[in-house]
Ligand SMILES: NC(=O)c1ccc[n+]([C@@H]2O[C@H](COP(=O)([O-])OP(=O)(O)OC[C@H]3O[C@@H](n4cnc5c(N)ncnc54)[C@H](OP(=O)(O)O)[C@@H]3O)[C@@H](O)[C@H]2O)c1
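There is one chain below, alone, in structure tokens, taken in the form predicted alone.
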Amino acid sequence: MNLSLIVAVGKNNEIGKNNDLIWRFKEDMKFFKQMTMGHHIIMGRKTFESLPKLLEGRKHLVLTRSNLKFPEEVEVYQSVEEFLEAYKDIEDEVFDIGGASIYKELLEYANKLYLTEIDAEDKEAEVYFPNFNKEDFDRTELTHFKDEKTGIKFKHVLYKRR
């Protein structure tokens, strides 16, 4: 399986509050779209519900224990094991787009982590990206930005499992 995690994290690994992203930077949204376009994206139910609509050009997978109805074009998996079995032979890069519990469950299976490392923190954050051993990965900085509106600096970083 070719599994990647993609997420924007603050200085303390914070990623969300009020069932939403903490930061929305134009250049980061472009990066997310560029990286995930044409690929499969897997997420939890809450992340799926937070989307304004299905993201065009991507195959949506939802990992949930709930029995809620999802649009017919969405593949639903009841467990990590069920998802891993279904995608074990898929060569396409599958992107885990959250939330926190899905990141935590799939982190050990990921080959790559695409992190937007944000030079800011949010003391009101409610959701955090799990800690991981950075020694298990090679780190490559891909881009650097400074948000025009807020002045916050951030960079896109690829962590590739050794």
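In case it trips you up, residue 1 is the first one in the sequence shown, and so on. Quantities reported herein were computed from a predicted structural model and do not represent experimental measurements.
Omitted here: the form predicted together with the ligand. The next part is about that form.
Peer 1: Quick one: of Thr143, Thr140, Thr150, Asn19, which gets a non-hydrogen atom within 4.5 angstroms of the ligand in the predicted complex?
Peer 2: Contact check passes for Asn19.
Peer 1: With the ligand left out of view, choose which of Asn131, Ser66, Gln34, Asn111 has a non-hydrogen atom within 4.5 angstroms of it in the predicted complex.
Peer 2: Partner contact (heavy atom, 4.5 Å) among the options: Ser66.
Peer 1: Answer with yes or no whether Ala100 is in contact with the ligand in the predicted complex, where contact means some heavy atom within 4.5 Å.
Peer 2: Ala100: yes, in contact with the ligand in the predicted complex.
Peer 1: Classify Arg45 as contacting or not contacting the ligand in the predicted complex by the rule of any non-hydrogen atom within 4.5 angstroms, answering yes or no.
Peer 2: Within the cut-off, so yes.
Peer 1: If we define contact as a non-hydrogen atom of the residue within 4.5 angstroms of the partner, is Leu3 a contact of the ligand in the predicted complex?
Peer 2: Leu3: no, not in contact with the ligand in the predicted complex.
Peer 1: Is Ala120 close enough to touch the ligand in the predicted complex, meaning at least one heavy atom pair within 4.5 Å?
Peer 2: Judged by the heavy-atom cut-off of 4.5 Å, Ala120 is well away from the ligand in the predicted complex.
Peer 1: For the stretch 115-144, which residues lie within 4.5 Å of the ligand in the predicted complex by non-hydrogen atom distance?
Peer 2: Only Val127 sits within 4.5 Å of the partner.
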